[in-house]
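In structure tokens, one chain follows: the form predicted alone.
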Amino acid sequence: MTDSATLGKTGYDPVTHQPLTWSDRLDDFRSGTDSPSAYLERCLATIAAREPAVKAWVVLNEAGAKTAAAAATKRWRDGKPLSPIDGMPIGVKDLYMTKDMPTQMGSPLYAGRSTGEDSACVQALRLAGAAILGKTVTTELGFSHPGPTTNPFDPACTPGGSSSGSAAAIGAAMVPATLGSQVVGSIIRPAGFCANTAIKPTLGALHRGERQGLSHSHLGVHAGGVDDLWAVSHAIARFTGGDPGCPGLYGPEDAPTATAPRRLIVAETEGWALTDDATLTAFEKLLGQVAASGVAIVRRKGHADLEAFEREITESLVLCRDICGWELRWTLRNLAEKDVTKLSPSMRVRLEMAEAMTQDDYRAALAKRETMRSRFRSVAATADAMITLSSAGPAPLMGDPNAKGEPGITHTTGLPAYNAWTSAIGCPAVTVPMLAIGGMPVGVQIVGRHDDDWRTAGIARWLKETVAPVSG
């Protein structure tokens, strides 16, 4: 008899793992030897096989996706695709509106809620021809209270949050791309836990639609590789641009080629002291390979400007907690008035902490964030990019009783200590699966300068294609 704790456990081998991709099928779509409709059917078969254990989806719209895929199949064969993602099956994090499916935001207070509208990003994907297959699980309101999704490599472990379903669906090879969002660590950390390639772009580069109530939340993409990641990001930028007042995503339609950096800064961040020894050892081996390839590796010791930057970002988790709490107060007050018992205990704590803040507290947090951004720009100008871990180790157990976090907050979906600083600063970050610790994936992220998303993705691609993955 199979133990329920090991049901669906596959383990992760970075050498043999094959993610699902789309861009490598385009010539076959043109020739008719493959089609978006056939591709979708393969995705649905994988979902049927793996969803009972992974639980990545809130709702599927198979009929709508099949209709979109059939229309795309005809356009590819006629030589008239709407975009490189015409017909691509895509999952949408259940924080973003979809006119044909409910948007329930991981909360019982939004159960069955249908808006009848598409978010800007979803509208863009439909205009590009994508087949919107379903809504992926998010944590409660996109914060720390988990949903039912499990890690695709071990169902006893978390997939990370808040883009739980989006990351797990990619890790389980259910679809080639999904949408995620990040206000602290909700794209990069779960992507690393689930062996995704993912981008948290420059703040405002991709239109967040109705999700602009948090001042440094980011819309991003999870995928099986850089080609698909960029194709989806570019399609959103092409059809809806960036947030109002933002210039949008820079870069051509063609995915970035592998770009070798000359100089990389190692960002330790507040996560370094919280990282397990096996992960740190594996990361140092990886850095050794990078250095051996001819890249100059810059560490904080002996560099006063980098040391000052590291000190500036050591309380990024607390900073994000306070800024998000203050900005979320009106939403949480409304929900508490409806039925406070349907807010999780952790969300009620967030509301209590936010209510204790003053306007001056929020202003101080914003000033701190601006100082971080200024120091980052100064330091980032001295290298091609920064390199760091995507998490403090592999995915912890579901509901980890030893979960840590900033004061007052428990992160049962994994500690976002390597992510909060990039969210607050608003710079682009791309994670690629480079480490295997105890048979589970751990990502490594490349962090670039503001609006340098295309090149940042190119450096991440170089890392993935040039440097051998490390197991520990």
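One rule holds for the numbers: they count along the sequence shown, beginning at 1. The model shown is predicted, which means the values in this text are computed figures rather than measured ones.
Same protein, other form: the form predicted together with a further copy of the same chain, not shown, and the subject of what follows.
Student: If contact means any heavy atom within 4.5 Å, which of 152-160, 118-126, 220-228, 184-192 contacts a further copy of the same chain in the predicted bound form?
Tutor: It is 118-126 that comes within 4.5 Å of the partner.
Student: P345 versus a further copy of the same chain, in the predicted bound form: is there a non-hydrogen atom within 4.5 Å?
Tutor: Heavy-atom contact with a further copy of the same chain at 4.5 Å: absent for P345.
Student: Can you check whether R299 is within 4.5 Å of a further copy of the same chain in the predicted bound form, heavy atom basis?
Tutor: No, R299 is distant from the partner.
Student: Could you tell me if P148 has a non-hydrogen atom within 4.5 Å of a further copy of the same chain in the predicted bound form?
Tutor: Contact check for P148: no, nothing within 4.5 Å of a further copy of the same chain in the predicted bound form.
Student: Does any part of E337 reach within 4.5 Å of a further copy of the same chain in the predicted bound form? Heavy atoms only, please.
Tutor: Yes, E337 lies within 4.5 Å of a further copy of the same chain in the predicted bound form.
Student: a further copy of the same chain isn't shown here, but in the predicted bound form which of G209, G393, P81, P261 has a heavy atom within 4.5 Å of it?
Tutor: The option sitting close enough to the partner is G209.
Student: Work out which of G288, P102, P108, G248 lies within 4.5 Å of a further copy of the same chain in the predicted bound form, going by heavy atoms.
Tutor: Spelling it out, the residue with a heavy atom inside the cut-off is G248.
Student: If we check a further copy of the same chain in the predicted bound form, which of the residues in 236-252 reach within 4.5 angstroms of it by a non-hydrogen atom?
Tutor: Going through 236-252 in order - heavy atoms within 4.5 Å of a further copy of the same chain in the predicted bound form - the hits are A237, F239, T240, G241, G242, D243, P244, G245, C246, P247, G248, L249, Y250.
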